[in-house]
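First, one chain by itself in structure tokens, the form predicted alone.
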Amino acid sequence: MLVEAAARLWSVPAGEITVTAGVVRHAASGMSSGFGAIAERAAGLEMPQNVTLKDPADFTLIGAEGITRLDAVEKARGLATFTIDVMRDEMQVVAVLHPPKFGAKVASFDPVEALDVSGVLAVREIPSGIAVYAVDTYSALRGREALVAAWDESAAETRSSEEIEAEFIAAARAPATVSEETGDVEAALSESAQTFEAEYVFPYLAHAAMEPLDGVVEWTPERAEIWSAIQIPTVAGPVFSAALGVAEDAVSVHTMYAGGSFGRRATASGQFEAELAAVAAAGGPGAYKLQWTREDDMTQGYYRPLTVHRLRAGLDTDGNITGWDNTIVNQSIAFGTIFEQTVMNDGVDRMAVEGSVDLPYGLPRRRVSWAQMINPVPVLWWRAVGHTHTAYATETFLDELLAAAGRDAVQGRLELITPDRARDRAVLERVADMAAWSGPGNGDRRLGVALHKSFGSYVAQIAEVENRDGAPHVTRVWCAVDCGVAVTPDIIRAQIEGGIGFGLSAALYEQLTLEPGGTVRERNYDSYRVLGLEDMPQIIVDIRPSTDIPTGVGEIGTPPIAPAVANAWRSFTGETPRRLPMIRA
């Protein structure tokens, strides 16, 4: 279509036009164009119905090694511009005092002491709290510290994490909404020679990105410009249009680099964008930067949902799995949002159960159920979403069943994989070869394996773990991945490595805790521990050759690492960690 548009524009035969390195060119006349200049013209043409795709043998960029990110150098050198770097003329910096408990609201406030702080320009109430406007960040934060406020906590969450967990655990022991069911599971369990049961507790998790939430808006009654690292930019336009009274087509969004996000900058409601818009609307036309602190990011939500899994299974006298039952309890990320209609089916949030259904294993009598819990704590997708807890629960529980049946963790999985899941089989066999698997071992270092499909991609990992003073330390990770056609192998490896580090951090250290009364305990990296360089293992990634469609790579490294580590650790201790993180403060 680009070629046809250029041919019509230049009045030359389409067959004489070439496309190389992003340039449309007619050699005879010397005319050329980038894609952007003719994109609108091409979009108006009729879509061709039969197109011959390029032979993969002729690819010059897809699958090529040595191609790296164009922005890598400027980011490494500190030259890239992030939202926190954006400055506008006469810009006011704003810090918001939020309620200390989820679901609370402003009851009253006294701005006098805040206004006495040098550099503070104004104090205004907005729907999410009390905004302090100042000439710079330092003044805004000092003004916020000086604010005197009272809160209406009548609808607030005042329970501790421990109390919420108890409610979730009770729900996991009761009937729930069935998501997937095959055969009579209760009969299978009652007829089993051995039965097994396990409960897993996964804490709330913060996204803990390096750059706290921030955004800049500059507006007049006729137009508005926004600078922010928004993961769903299409949400921003309507939010600012409605808040500022500016026509939607007069709102421009500059999507900035994110200093980390992992899902936090992708709220369905445009939560941060709504606060930024409210700040701008309350202040009137002008330029404003809304700057959250690390403590704001940690204590104000949105979190990976606290989740409880209850699993039950049975073995017959030959060690075959006779029944499998998995009940999952957590809050829905989609409930009450624009995604509810597409994500929630028959009363089940598919993001809550993803990775626990459609397992690659032949389990003839199985059931997966979900119980929805509702409370004021805001929850959101977190890198790999539901797969982060479902992979752990299913792969560690399966590993225990195989061990109880006297079967090897790799060979036992291979025997269970159904014929239609050849790609699962291939990555598992490959990672076993990479690690020279012959069992978990019995020396100073032990191996654990996990297999999981997410975002259309197939991943198997083996973790090498040593016991350091009674705690797991991961030294090496082997990973085989099938993500379809590998477009840019270097980026795939980088994403897998980063995803493994991200998942390992959560497995070993991370938890977000509500104190009795409902306030958040962890406020910064000194109390919310994350993986350090000294904990990062050597990672060996193998990308399987494939002609299938390209699938996700940004999140797929995260789910298998925690169960792989836990399975290795069980060979030291005899027990699987049922509550994460494995290393607790």
Partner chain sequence: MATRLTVNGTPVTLDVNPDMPLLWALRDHLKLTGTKFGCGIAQCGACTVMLDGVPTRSCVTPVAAVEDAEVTTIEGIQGDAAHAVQKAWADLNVAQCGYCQSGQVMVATELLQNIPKPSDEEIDAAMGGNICRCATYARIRKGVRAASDALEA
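Numbering follows the first chain given and starts at 1. Nothing here was measured: the structure is a model prediction, and the numbers come from that model.
Not pictured, yet referred to below: the form predicted together with the partner chain.
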{"query": "Contact label in the predicted complex: Glu395 to the partner chain, heavy atom within 4.5 Å", "finding": "no"}
{"query": "Distance check, Glu534 to the partner chain in the predicted complex, heavy atom within 4.5 Å", "finding": "yes"}
{"query": "is_contact(Ala206, the partner chain) in the predicted complex, heavy atom dist at most 4.5 Å", "finding": "yes"}
{"query": "Touches the partner chain in the predicted complex: Ala27 (any heavy atom, 4.5 Å)", "finding": "no"}
{"query": "Location of the partner chain contact in the predicted complex, chosen stretch of 445-453, 405-413, 306-314, 72-80 [non-hydrogen atom, 4.5 Å]", "finding": "72-80"}
{"query": "In the predicted complex, the one of Val178, Ile338, Ala174, Met87 near the partner chain [non-hydrogen atom within 4.5 angstroms]", "finding": "Met87"}
{"query": "Among the candidates Trp370, Phe262, Trp324, Tyr133, the residue which, in the predicted complex, approaches the partner chain to within 4.5 Å (heavy atoms)", "finding": "Phe262"}
{"query": "Triplet Leu141, Pro212 and Gly501 all within 4.5 Å of the partner chain in the predicted complex via a heavy atom", "finding": "yes"}
{"query": "Heavy atom contacts to the partner chain in the predicted complex at 4.5 Å, residues of 279-305 in sequence order", "finding": "Gln291, Trp292, Thr293, Arg294, Glu295"}
